[in-house]
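Just the one chain here, the form predicted alone, laid out as structure tokens.
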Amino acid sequence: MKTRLAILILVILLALLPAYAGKYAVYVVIHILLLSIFSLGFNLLFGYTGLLSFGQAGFYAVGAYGCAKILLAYPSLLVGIVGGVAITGVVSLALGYLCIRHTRIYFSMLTLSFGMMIFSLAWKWRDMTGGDDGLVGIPRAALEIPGLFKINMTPMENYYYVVLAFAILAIALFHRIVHSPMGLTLQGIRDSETRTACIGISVRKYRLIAFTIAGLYAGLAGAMLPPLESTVTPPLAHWSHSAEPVLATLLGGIYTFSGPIVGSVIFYLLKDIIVRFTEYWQICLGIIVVALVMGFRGGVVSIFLRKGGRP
């Protein structure tokens, strides 16, 4: 009951954020929500299925470029976001079929290779991606359903509510997945692949499902970035960008539902603060993250779990 009340209060505060906070605060919260979605998908793959991927940034970039190309050709926000996610789903399903045939370090290296392949395509395929210049002038198109409504998205506050709505839906769906029989199956595969296979469960099938869902979450986060920034560039697909959901998940808690969300808040705020003081922010951020991970080996959420809270 207390958990539900706390969640309700948090949702209300987020809904009222544009009324009592400035534009920069709204901008920061949008990025935290995007990182949370990104990290949730990674945690389904790593924390619940036991597969460490270093290529999630590739799917993030596919969603971003897919949405950007659609918006440049047909300025409809909903079509752009859904289209970007759909394209990512196809790509993650195809690459997942190849990757899940291996596990442990071999799986990680395959995902890293495919992620860097997407980065190379984004960098070299100038006719499609704009090359190192990226895609610019992406419109923040109106949210509309023909014949029903049309909402102007030019004010950042309006777009904030779109991102918030998608984030709430993504979090609710993730909660349903990990607390369903499929979620228990994925955890069984993580704990003992052999025992899970012995009771007649297709391990490869469930790994492929987890891989595809993780790709869809990364694609959703990526697809909501172009309308915010009005530009998409190749560094979104770089392997270093894949480290963000990894670090956020480690900070919050690998084997917990809320860990990636809490970790995303901590990681982004630390990054935002450190950047203001030094150009060597990556070194400082790395030291702080390592210290936090070593100090809270189960993640920050583990502190509340020890006190009898829920994950």
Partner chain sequence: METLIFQGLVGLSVSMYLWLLAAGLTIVFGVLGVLNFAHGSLFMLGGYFTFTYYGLLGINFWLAIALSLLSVGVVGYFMERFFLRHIYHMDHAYQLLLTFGFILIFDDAVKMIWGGVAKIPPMPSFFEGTVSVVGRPFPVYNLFIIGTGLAVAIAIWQLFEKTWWGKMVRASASDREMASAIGVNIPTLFTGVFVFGAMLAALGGALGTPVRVVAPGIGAAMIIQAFIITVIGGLGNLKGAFVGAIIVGTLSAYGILLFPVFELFLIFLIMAVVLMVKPQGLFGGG
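Only the largest set of C-alpha atoms that superpose within 1.5 Å between the two forms is called the rigid core. Nothing here was measured: the structure is a model prediction, and the numbers come from that model. Residue numbers count along the first chain shown, from 1.
The same protein has a further form, the form predicted together with its partner chain, not shown here; the description that follows concerns it.
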Inset, instruction - Report whether the minimum heavy atom distance between Asn152 and its partner chain in the model of the complex is within 4.5 Å. - result: no
Inset, instruction - Would you check, heavy atoms only and a 4.5 Å threshold, whether Leu247 touches its partner chain in the model of the complex? - result: yes
Inset, instruction - May I ask you to state whether Met294 is within 4.5 Å of its partner chain in the model of the complex, using heavy atom distances? - result: yes
Legend entry - its partner chain contact at Ala243 in the model of the complex, heavy atom, 4.5 Å: yes
Legend entry - Candidate from Met116, Ala86, Met156, Leu164 lying within 4.5 Å of its partner chain in the model of the complex - any heavy atom: Met116
Inset, instruction - Choose one stretch from 73-81, 225-233, 122-130, 143-151: the one whose residues place a heavy atom within 4.5 angstroms of its partner chain in the model of the complex. - result: 122-130
Legend entry - Residues in 198-228 with any heavy atom within 4.5 Å of its partner chain in the model of the complex: none
Inset, instruction - For Val11, decide whether the Cα shift between the shown form and the other one is 2 Å or greater, given a superposition on the rigid core. - result: no
Inset, instruction - For Ala21, state whether the C-alpha moves by 2 Å or more between the shown form and the other one after rigid core superposition. - result: no
